[in-house]
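Before any questions on how it binds or moves, here is one chain, the form predicted alone, in structure tokens.
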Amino acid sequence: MTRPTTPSPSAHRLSSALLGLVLPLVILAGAAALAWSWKDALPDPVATHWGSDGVDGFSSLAGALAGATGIGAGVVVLLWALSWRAGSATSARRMLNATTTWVAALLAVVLLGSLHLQKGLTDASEVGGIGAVMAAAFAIATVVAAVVYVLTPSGQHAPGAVAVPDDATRLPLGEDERAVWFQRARGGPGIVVGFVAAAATAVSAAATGDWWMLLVTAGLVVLVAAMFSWVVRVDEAGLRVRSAIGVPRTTIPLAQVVLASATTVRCFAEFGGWGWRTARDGRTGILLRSGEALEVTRTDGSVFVVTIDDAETAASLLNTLADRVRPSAPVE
């Protein structure tokens, strides 16, 4: 029996390197270089942290730049490594590339904005609040991340060269019969954690008067809506998984399905948490709670998992529909 051909991951990894590593590091380095060019116009030390009563942390300019760029670069490299492992899994690469760029852009704008407010001061404690800077940082970082998400190219998967295994579960359908399966997946522990965090930031904003923190609250609400409410559908287009707000989304065409099966997953033990996750073994998926899940192996060897009720029916239908567009296994 022949095996499906697997496309080279080099193109996918090149895009991940450029958009998920090089671009964020350039943003951080550019911000640090520009900030250093202002050193003669800045007080020494500079303000680096703000509390409810104003500035409560100071550092040398070199220390401030090293701290911001060091933390940012560490996060970028870590997330890029995950994106590198994701290979041709388009949805995972788009999310990770957008996240690394968002982190870099946020830190860059906060760094430059807070230092710009201190230009010309002899005492950094005289600088006012940075609410406007934080608001601008969240807005700019979100726009930049959205652009990177769109620019990340989709993966190219080889069509299946062999039939779905004979022992795979199937849903009996006549040659002319059509069927559609769909479920809504929502909730789980992650949604509770997300809304608690959103409520905590809202309370903190009201208590401290730092109203820019409401942007964090809004961002957390959007994140929860995007990560913890999904529509999962199996039909003649393949497997389609879409967030309640429309993005992110992913589609696995029937020609790319090697095998669909029902399985059981443990969110933390296997994927390290809830939401759109990448496991240590390279699987990607949408994990709302531990338990029943649909697992789909693709022609490039990647595996996608989504926790959903009635996964057995979804897998059986997906295998049946994949049979219709895949040739029988050639005999050597």
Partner chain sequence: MLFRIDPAASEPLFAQLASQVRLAAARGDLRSGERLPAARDLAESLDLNVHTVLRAYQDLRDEGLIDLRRGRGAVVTDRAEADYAGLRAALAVVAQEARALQLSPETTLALLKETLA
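Residue numbers count along the first chain shown, from 1. Since the structure is predicted, the reported quantities are computational estimates derived from the model, not experimental observations.
What follows is about the form predicted in complex with the partner chain, which we do not show.
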query	finding
Lys119: touches the partner chain in the model of the complex, heavy atom cutoff 4.5 angstroms	no
The partner chain contact in the model of the complex: Arg170, any heavy atom under 4.5 Å	no
Ser125: touches the partner chain in the model of the complex, heavy atom cutoff 4.5 angstroms	no
Partner contact for Val247 in the model of the complex: the partner chain, 4.5 angstroms, heavy atom	no
Answer option from Val196, Ala139, Ala207, Val180, heavy atom within 4.5 Å of the partner chain in the model of the complex	Val180
Listed range touching the partner chain, judged in the model of the complex by heavy atoms within 4.5 Å, from 70 to 78, 228 to 236, 104 to 112, 143 to 151	228 to 236
Residues within stretch 303 to 320 having a non-hydrogen atom within 4.5 Å of the partner chain in the model of the complex	Thr313, Leu317
